[in-house]
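Presented below, as structure tokens, is a lone chain in the form predicted on its own.
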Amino acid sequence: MSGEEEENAAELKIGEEFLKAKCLMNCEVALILDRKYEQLQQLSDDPTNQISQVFEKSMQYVKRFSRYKNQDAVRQVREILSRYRLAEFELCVLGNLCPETVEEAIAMVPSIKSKGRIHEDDAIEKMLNDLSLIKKFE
């Protein structure tokens, strides 16, 4: 991105490094931290392997704000959102915030409706319905 071009997430002008970056939803981070916590618990006999307060607070945060709890649901959410060719940060925002209406989704991630994108209201609504089904049957 040139120094003169202004960043604007609503138009997916976020810089090349962010467009290529891999983002994780809170629920994915929660699964990773859970596994690490279990490993640390197994090693808890060793006093050098104490769990830090930062680790515990981070785990509490992602668990509190995770919309999906089990591993299958988390995998399905990423698969569904990936079908819509979203940028990583768009996928994570929608997966984390779980908008219920097309209007909410567009307000949270305006770039899904920016010109040149193929996301019509019907496609966004189908995507949101698919996500709500996962949540309902989790």
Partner chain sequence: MVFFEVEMQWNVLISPTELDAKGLLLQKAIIVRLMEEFASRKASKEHGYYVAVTSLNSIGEGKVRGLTGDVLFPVTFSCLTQKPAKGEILQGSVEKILKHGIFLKSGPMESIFLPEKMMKDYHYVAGENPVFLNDKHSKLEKDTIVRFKVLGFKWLEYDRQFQLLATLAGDFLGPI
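Just so we're on the same page, rigid core means the largest C-alpha set that superposes within 1.5 Å between forms. Here the structure is a predicted model, which means the values were calculated and not measured. Numbering follows the first chain given and starts at 1.
Not pictured, yet referred to below: the form predicted in complex with the partner chain.
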4.5 Å heavy atom contact, S82 to the partner chain in the model of the complex: no
Distance check, A87 to the partner chain in the model of the complex, heavy atom within 4.5 Å: no
Exercise: A123 in contact with the partner chain in the model of the complex, heavy atom 4.5 Å: no
A73: touches the partner chain in the model of the complex, heavy atom cutoff 4.5 angstroms: no
Interface residues of 10-39 toward the partner chain, as seen in the model of the complex [heavy atoms, 4.5 Å]: A10, I14, E17, F18, A21, K22, C23, L24, N26, V29, I32, L33, K36
C-alpha of I14 off by 2 Å or more between the shown form and the other one on rigid core: yes
Rigid core superposition, F55 Cα moves 2 angstroms or more between the shown form and the other one: yes
